[in-house]
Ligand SMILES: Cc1cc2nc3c(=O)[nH]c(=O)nc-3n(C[C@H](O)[C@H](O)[C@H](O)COP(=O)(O)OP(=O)(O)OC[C@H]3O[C@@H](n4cnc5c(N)ncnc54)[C@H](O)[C@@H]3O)c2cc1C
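Okay, here we've got a single chain as C-alpha cells, the form predicted alone, with questions on binding and movement later.
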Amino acid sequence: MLNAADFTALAAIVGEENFYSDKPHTLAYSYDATRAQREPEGVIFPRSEADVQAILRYCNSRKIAVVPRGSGSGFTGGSLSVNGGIVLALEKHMNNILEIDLENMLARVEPAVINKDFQNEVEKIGLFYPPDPASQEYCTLGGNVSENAGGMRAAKYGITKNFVLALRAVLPNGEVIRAGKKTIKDVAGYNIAGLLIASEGTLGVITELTLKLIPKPRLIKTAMGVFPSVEAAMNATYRTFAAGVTPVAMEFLDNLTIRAVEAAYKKGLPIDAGALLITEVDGNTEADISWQMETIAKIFRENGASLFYEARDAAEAAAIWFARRNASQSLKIYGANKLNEDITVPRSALPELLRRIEAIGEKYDHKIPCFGHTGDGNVHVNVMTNKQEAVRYHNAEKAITEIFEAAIALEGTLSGEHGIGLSKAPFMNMAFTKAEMELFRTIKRAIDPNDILNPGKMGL
C-alpha cells in the first residue's frame, strides 16, 4: 500500500499535474478490453525516459508495483493492476514520432504513438509499416511490442517482432538499456530485444522503438470466396500457400459469424454458407497481381467455393472487408458475454482444430462462432454465454479449457497475438513444462528481483 510519503515523492518526480490518486483516475485506469476491473492506487504520467527512470528507482526501493500501460486495448488484462500499486500511463506525453529515416527505411518512435497514425505518416513518403492489429486506430506501438501484436497482414508480412530493429527500455532498478541496432544484421550479444518483445511489461518499460519499414506496394486486390463448409475453406487456405502464393491476408468467418454479421448489419451475406474466405494480395505489377488472383480463384474453386468475387475498386474492397472487421461486435446476438480466445495452430491443422471446436460446442450446448487469420493459423474462438446463468458460464469456462487442450495437442499455442496477461495465466502450465516455467521465472527474478513490474501476469 502506498502511504502519504509515497504520493508526495511520486508527484515530485513528474509534477502534481501528472500524478493522480483520486477516484476518477484510478477507476478510469482499472479497465482494459477484457472489461475486468483491477483498481490501482495511483496513475502517473511520465514526461520522458528520465521520469521513467526516477519512478522505477523509487518504486523498486519501496517495492511498489508498477503496471506499464499504453491505451488499455489488450484482451487479457495485461495492463491491469493486480495488487494496487501504480499505473505508468505513457499515452499523455511519450507519443512522438522522433524520426523517419527514408535512406535506411526505419523510424524511431516513443512507445505511445498510435499504430494507425504511424502507418499514415510513413505512407506519406512511400514507406510501409505492415503490422495492423484490429485495434490499430487506438492501440500504441509500445503495447504492440509488449504483446507482439499481429493483424490481418501477418500472413505475408509477419507480426510486430519482425519489424523491431532496436529498442530502449528502463529496467526495474532505473537503468536504461539499448537492445538491438539500426543495422539489418546484428549478431553481437544476446537477443535482449527479442526477450523484451512479448514480455508484457514484466521485464522493463519500453521508452523508444526503432522500427523497420519497407517500400509501400503499388497495387492491391481484394476478393472473397464462399464455401460450403469450414473444412473446405481451411483446405483452400493452406493449399493456396503451397501453390506459391503468399496473400497479404487470408481471413475467414464461419457460418455462425456470417449469420451474426448479417443479422446486425444486413449486408446481403450468404447466411447458408459454411464459411467465407476474404483474401488480399499486393504487388508492383499488374501481371503479378493477376497471376496471384488467378491462382487463388482456381484453388478456391477446386476446394468447393461456389462463388469467387473480386472487388473492382476500393469501395467494393471495403464492402468485402466490412464483415470481417465487424465480426466481433456482431456476436452479441448469441449471448450477453463471450469468452474470446485467439489460439493458433499450424495452417494444415486448421480443419482438425475447427472440427474439435465444433464438437466441444455440441458437448456443452454453447454456440462457438469462429473467425480470424487463417493465413497464419490464428483463430478467434468465441464461447458465447451469460454470466447471469452460473451453470452455463461454468460450462463455457470448461469449454475454453478443452479448446486450449485441442490447440496444444495440435502443436499450437495459447495465443497468437493477444498475449497471456491475467486471463490466460492459469493455462500456462498446460502449454509449458515445469522446467520451462521455471526458466521464465528465473529470468524474471534476475531482472526484477523485487517483482515490481507488472506482477501477477503470464503465470510468473
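On a predicted model such as this, the values are computed, not experimentally measured, just so you know. In this text, residue numbers run from 1 along the sequence as written.
The same protein also exists as the form predicted in complex with the named molecule; that form is not shown, yet it is the one meant from here on.
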query	finding
Among the candidates 377, 201, 85, 180, the residue which, in the predicted bound form, approaches the named molecule to within 4.5 Å (heavy atoms)	201
The unique member of 225, 142, 369, 372 whose heavy atoms fall within 4.5 Å of the named molecule in the predicted bound form	142
Triple contact flag 79, 146 and 149 to the named molecule in the predicted bound form, non-hydrogen atom at 4.5 angstroms	yes
Contact stretch among 425-433, 390-398, 61-69, 41-49 - heavy atom within 4.5 Å of the named molecule in the predicted bound form	61-69
Distance check, residue 73 to the named molecule in the predicted bound form, heavy atom within 4.5 Å	yes
Contact flag, residue 195 vs the named molecule in the predicted bound form, heavy atom cut 4.5 Å	no
Residue 206, heavy atom within 4.5 angstroms of the named molecule in the predicted bound form	yes
The named molecule contact at residue 408 in the predicted bound form, heavy atom, 4.5 Å	no
Partner contacts in the predicted bound form for 409-425 (non-hydrogen atom within 4.5 angstroms of the named molecule)	417, 418
